[in-house]
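So this first bit is one chain, no partners, the form predicted alone, shown in structure tokens.
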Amino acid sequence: MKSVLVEKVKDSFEFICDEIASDKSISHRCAIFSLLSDRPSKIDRYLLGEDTLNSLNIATQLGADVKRVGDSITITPPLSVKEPNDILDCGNAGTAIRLYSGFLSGLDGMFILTGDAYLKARPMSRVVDPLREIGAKIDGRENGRLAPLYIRGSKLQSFRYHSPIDSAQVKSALILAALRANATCYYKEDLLSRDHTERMLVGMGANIENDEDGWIAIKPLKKSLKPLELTVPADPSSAFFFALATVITPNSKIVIKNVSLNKTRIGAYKVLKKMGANIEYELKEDKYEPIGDIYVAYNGKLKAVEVSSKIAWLIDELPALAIAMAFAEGTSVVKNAKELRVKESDRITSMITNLQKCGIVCKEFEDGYSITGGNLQEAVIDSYGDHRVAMSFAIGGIFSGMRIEDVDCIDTSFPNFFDILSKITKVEF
């Protein structure tokens, strides 16, 4: 396992950042949704990270023909999805295994979805249980609670499902299953989670509508959808690390180019602004997704904040926000974030344990934590194989210096993270 030493930054910085990794969530969906068309989909700036390449490889195993030139890909779907002759390896990607579970449940054939050691420890019942309720035949370890998952495609029944959790992965899995059901299906969540799935599928011609009570109505497919033609925007979750670096480094500025401005994806920026950061947005286009630039500037010492609502809108950025809280004046509190415990690592324990190593006063709760801002000290950080934990403490390292163990996991989502970080400070492997 590779470790890295991040040195303390010596000067302020100011630059235009147009190298942020492409959006991971959208890239996953491009690979999967292309199989719903009968014509080639053309995607520019597809994320070439381990997770999203696994989604693309699975599409190939299911019969798609993929041609790649740099980060531009053309996916030609098969006439019908074929039964693979091997298991489908999702690697570390929770998005891939959960979305493919919904997609494959209504197709003829036998499919086995698996992943790495970290993915096989993550809960699958949140997707498996509702899919079983509508007729999906799914089994797995501990009665389907853990991967590998065995799926025998079958005819699916229509459903009306009010999800007990606000999760884009669960919602997307059920929407994909609904497209193969025998009648209109209805899905509801209490807080709108990432809505890339609805936006993209509607753009492809799917009949998906929201009513005034918050129910999503999904009508089954009568014909193949239109192919995708899009340029994947920069990932706001990945870009957030460099927004964080800017607001903790005096006299620094950054412009993050061509990033998704979807309201379900910029919640963490709004929290950072509430803490006192200077953040502005410029919308440039809005086809499948609103896309534009984000302007970030240092604006003095951050202030403590409470985060307890719209957690689904910033769940991926909470580890980086924990670093911001460690720099803020006062005690910050995060509540209603139990979902953090079932990500690539238990991110509540991972962040609090490592912050304590850095001399920060903090306390862990069942559904969150409190962090009292202080003087972040250099330490040896255990990433727990979690890319967002690793990157968060790498950014913390520009203030104090930091050694992070097991940084190979960063390649799953942001392969050029350290290339960009090297523009700010020295990085040694």
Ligand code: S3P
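Only a predicted model underlies this, so the values are computations on that prediction, with no experimental measurement involved. Residue numbers here begin at 1 and follow the sequence given.
The same protein also has a form predicted in complex with this ligand, omitted here; what follows describes it.
Of the candidate stretches 132 to 140, 177 to 185, 93 to 101, 255 to 263, only 93 to 101 has residues whose heavy atoms lie within 4.5 Å of this ligand in the model of the complex.
Residue 316 is the only one of 316, 198, 89, 293 with a heavy atom lying within 4.5 Å of this ligand in the model of the complex. Out of the listed residues 206, 168, 358, 352, 168 is the one that sits within 4.5 Å of this ligand in the model of the complex by at least one heavy atom. Put simply, residue 413 is far from this ligand in the model of the complex: not one heavy atom of it is within 4.5 Å. Looking at residue 343, you'd find a heavy atom of it within 4.5 angstroms of this ligand in the model of the complex.
When this ligand is considered in the model of the complex, residue 25 lines it closely, a heavy atom lying within 4.5 Å.
When contacts are judged by a 4.5 Å heavy atom cut-off, residue 126 counts as touching this ligand in the model of the complex.
Residues of 38 to 68 are not found to place any heavy atom within 4.5 Å of this ligand in the model of the complex.
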